[in-house]
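Starting off, we have a lone chain in the form predicted alone, written out as structure tokens.
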Amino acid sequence: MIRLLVPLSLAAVAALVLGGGWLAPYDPTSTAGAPWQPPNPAHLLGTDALGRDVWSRVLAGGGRLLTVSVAAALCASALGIAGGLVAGWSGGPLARLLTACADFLLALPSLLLALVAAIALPWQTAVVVATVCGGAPLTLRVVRDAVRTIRTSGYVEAALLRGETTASVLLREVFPAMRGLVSADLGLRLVVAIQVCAALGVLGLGATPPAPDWALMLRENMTGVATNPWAVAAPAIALGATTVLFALAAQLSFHEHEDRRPNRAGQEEKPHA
């Protein structure tokens, strides 16, 4: 049941986040009523300090955050996968050099790196830099260990005996065998990217007013939380639910990857039977 519910929920949230701006009943950046109104029939979640409709800003506030987070996660995952494939397949000094570089990057706190980068670079670039530096080394380690295990598999040795090139074996035999693992790791990189994005926004280094943004809404509406709690609760719930869904999707991908491993082992036994 959960294997069907999580992807459907994730697709619904993604569609709502990316298309929410068109569903907003009011302009998310314009005044729609008196400041700090509680929820009422005209404004489902009330209004904020400038009289803007909170529900409209929640609907439109996740698109940019999610787009930047996905881009950052893809960059981190791509670099980590490439490094992991090379380190796991080649071994020797090159693998040790890549692992040493990964260990060095892991020693740098991602959030501190994001804060420093956000001062000199656009916040979107800062999110990508922090996610890559903090996430690519972890992906490299995961992929490297998986490649070392898969390299001794019968179907990989058969491909080498057929005379296939290293690049062909990596792309056609090794990478497909760890799709679930890579998908799970990508989900975790996305969760970290969303957290970095939200942290920069709450600290005032992310999206700038009057842009609708969940993290920016938390920062802007904190002063009126006693008057209209939904001005803070709604973006917090949206941010938390999106993060939890991506984390569940990553966990689901990992379990599917683990479930497929015995089947592949069984397939390897057939030629020797």
Partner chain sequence: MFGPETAPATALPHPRRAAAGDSFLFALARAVLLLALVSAAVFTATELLPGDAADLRASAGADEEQIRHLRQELGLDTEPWRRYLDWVSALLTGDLGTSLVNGRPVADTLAQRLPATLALVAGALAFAAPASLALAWWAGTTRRGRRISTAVLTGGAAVPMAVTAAALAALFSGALGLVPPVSLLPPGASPWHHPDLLFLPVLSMALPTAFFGASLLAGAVADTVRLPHVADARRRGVPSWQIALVDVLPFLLAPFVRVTAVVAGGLIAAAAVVETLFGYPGVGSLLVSAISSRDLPVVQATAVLAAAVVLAGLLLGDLVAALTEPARGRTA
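Residue numbers count along the first chain shown, from 1. If you're wondering where the values come from, they're calculated on a predicted model, not measured in any experiment.
Keep in mind the form predicted together with its partner chain is missing from the figure; the text below concerns it.
Using a 4.5 Å cut-off to its partner chain in the predicted complex, each of V116, A198 and V232 places a heavy atom inside that distance. Per the 4.5 Å heavy atom criterion, its partner chain in the predicted complex is contacted by stretch 219-227, the sole one of 50-58, 219-227, 66-74, 36-44. Listed residues L97, L203, A167, L160 were compared with its partner chain in the predicted complex; L203 is the one with a heavy atom within 4.5 Å. Just one of V174, V192, V129, A87 comes within 4.5 Å of its partner chain in the predicted complex, counting any heavy atom, and that one is V192. Contact between A211 and its partner chain in the predicted complex is not found at the 4.5 Å heavy atom cutoff. Proximity of A78 to its partner chain in the predicted complex falls outside the 4.5 Å heavy atom cutoff. Its partner chain in the predicted complex is not approached by A136, whose heavy atoms all lie more than 4.5 angstroms from it. For the chain shown alone, V142 is a contact residue for its partner chain in the predicted complex, at least one non-hydrogen atom being within 4.5 angstroms. In the predicted complex, its partner chain lies within 4.5 angstroms of at least one heavy atom of each of the following residues of 89-119: D103, F104, L106, A107, L108, P109, L111, L112, L115, V116, A118, I119, in sequence order.
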